[in-house]
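Consider the single chain below, provided in structure tokens and representing the form predicted on its own.
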Amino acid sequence: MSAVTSIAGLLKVSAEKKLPLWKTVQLTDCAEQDMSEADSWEKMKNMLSVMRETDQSYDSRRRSLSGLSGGDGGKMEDYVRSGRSISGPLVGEIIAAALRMGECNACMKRIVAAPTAGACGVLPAVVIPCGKAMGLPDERLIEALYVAAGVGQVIAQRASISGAQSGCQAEIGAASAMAAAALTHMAGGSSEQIANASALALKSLLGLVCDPVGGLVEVPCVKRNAAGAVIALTAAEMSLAGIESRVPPDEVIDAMREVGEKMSPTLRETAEGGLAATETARKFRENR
């Protein structure tokens, strides 16, 4: 099975071969990597395990070397447990999980780049809590990771997953699209609904700049993981309700590439614009 460079192509191959979307992605990857299906499955299973282990090993007392990150995941956990959360326990846990994973990355713990380290919190924050709430077996979650990987691969090929190249829309935006697709699969959505969910999420984050304070993947990156996770949930819900993206997924991805190309270099991970150029950010750099 040859490489697929579009969401439309993935859907076409799936329909022609009468395969679920996740299986199409797996077989495509196996062909590219010269890997057996069993080895591919074990590799993806390990990624799910790492996501879980990192989340479970989160320590709210730890702080990053810069002092910019740490403890917020614990604060969100406590808030959710208090019963005061406006959005309820599931959404609250998604937010908390994204913060925990983002802080683990900032504290140099082991994470899964999904698709990047700076956006590592979005996908697990959606897949793990929702999988638990829905009572799904690990096999279903692993399938969802394949779906996410397929979307991420197309974005990487047609546009970018690099903040330095296309801004944070290419990192948190791509991660949100991947998570929306994964969750839609978990909920039993069709291939078309999976594709629509990815488009709805990505186009909601078009133009998001990469402006890390002090050049570190901490502020605003960690909190953006939480926002990207909630956008993924929203996109999946809309798609499952039958709401479609008026612009096809591949065109949304192409638009993201175009926006990235037009984005000022000061807003592409150079820490020269946006939040990185604020008075508070300048003072932080001076005092480091």
Partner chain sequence: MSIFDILGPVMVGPSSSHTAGAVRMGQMTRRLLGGEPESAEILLSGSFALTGEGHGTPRAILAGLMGMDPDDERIPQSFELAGEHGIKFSFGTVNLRDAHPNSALIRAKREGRDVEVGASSPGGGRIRVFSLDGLPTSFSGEVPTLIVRCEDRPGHVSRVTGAVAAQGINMSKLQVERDTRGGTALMVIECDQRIPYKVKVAISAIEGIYNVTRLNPGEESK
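The model shown is predicted, which means the values in this text are computed figures rather than measured ones. Numbering follows the first chain given and starts at 1.
What follows is about the form predicted in complex with its partner chain, which we do not show.
- Within this chain, G214 lines the site of its partner chain in the predicted complex, having a heavy atom no more than 4.5 Å away.
- The closest heavy atom approach of I243 to its partner chain in the predicted complex falls outside 4.5 Å.
- For K283, no non-hydrogen atom is located within 4.5 Å of its partner chain in the predicted complex, even though that partner is not displayed.
- Not displayed here, its partner chain is kept clear of S85 by more than 4.5 Å at the level of heavy atoms in the predicted complex.
- From the list 186-194, 113-121, 90-98, 201-209, the contact stretch for its partner chain in the predicted complex under a 4.5 Å heavy atom rule is 113-121.
- The partner is not shown here, but in the predicted complex the stretch 175-191 reaches within 4.5 angstroms of its partner chain through a heavy atom at M178 alone.
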